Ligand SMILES: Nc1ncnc2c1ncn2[C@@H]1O[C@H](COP(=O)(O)OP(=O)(O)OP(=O)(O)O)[C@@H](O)[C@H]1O
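Just one chain follows, in the form predicted alone, and it is written as structure tokens.
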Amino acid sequence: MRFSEAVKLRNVWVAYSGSDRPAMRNINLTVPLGKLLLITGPNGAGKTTLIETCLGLLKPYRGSAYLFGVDTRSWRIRYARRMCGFVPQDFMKPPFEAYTVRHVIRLGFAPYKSIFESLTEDEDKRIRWVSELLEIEDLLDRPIGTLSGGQQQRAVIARALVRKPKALFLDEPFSSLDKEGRRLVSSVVRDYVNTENASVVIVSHDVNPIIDYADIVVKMENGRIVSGEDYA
């Protein structure tokens, strides 16, 4: 099946469970394949809500939301979501977490296989490929809980990339990275868009690391898109 866009939102209103006020109002947005979209705005603007709506984790109570042509309110959304990678804001693991970086990256294959199944040769190659891409190949056998915040952040980005998703959603992916790490991740995701004709959607209040790489910039305030609306 061929697609020209990863996400399409039309007149979308979203509220969190138990709330009587919308978290997002009248959102119109198209995310084409082969584009890097940056979502920015102040805290509480609705940036994370927008990503969660794109993925179908939140359902609109008004309007329509589609992920790879699938209505996010349909049971089939779980299959569309398999074509996506997602890195949430809350990624840090405690010091006693025993999973190695290799195990964490391997979890990127979870929609397709059990943690107890052996890796195929191709899957093993992909782990090596993505770890080298993000310069964490020397950390593969280290427990993730012993790593710095920036190293952990690279590992979870590697987990999201390892199965080569057609759409990648990153929520504040620069929060724990130093200047060099921000440059590296920005370059990696830009190259990924170009080589895989994939969509990448990045939420970041700090636009400096990624602004020069973005094709589309969407600014949000108070649950609304105030610029960049309905890009197509």
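Throughout, we count residues from 1 along the sequence that is shown. For clarity, every value in this text was computed on a predicted model and none was experimentally measured.
The next section is about a form of this same protein that is not shown, the form predicted in complex with the ligand.
45 is the sole member of 188, 45, 70, 207 with a non-hydrogen atom lying within 4.5 angstroms of the ligand in the predicted complex. Only one of the listed residues (89, 120, 74, 146) places a non-hydrogen atom within 4.5 angstroms of the ligand in the predicted complex, and that residue is 89. Considering the ligand in the predicted complex, the lone stretch of 175 to 183, 188 to 196, 162 to 170, 48 to 56 in range is 48 to 56 [heavy atom distance within 4.5 Å]. At a distance threshold of 4.5 angstroms between non-hydrogen atoms, residue 214 is out of contact with the ligand in the predicted complex. When contacts are judged by a 4.5 Å heavy atom cut-off, residue 16 counts as touching the ligand in the predicted complex.
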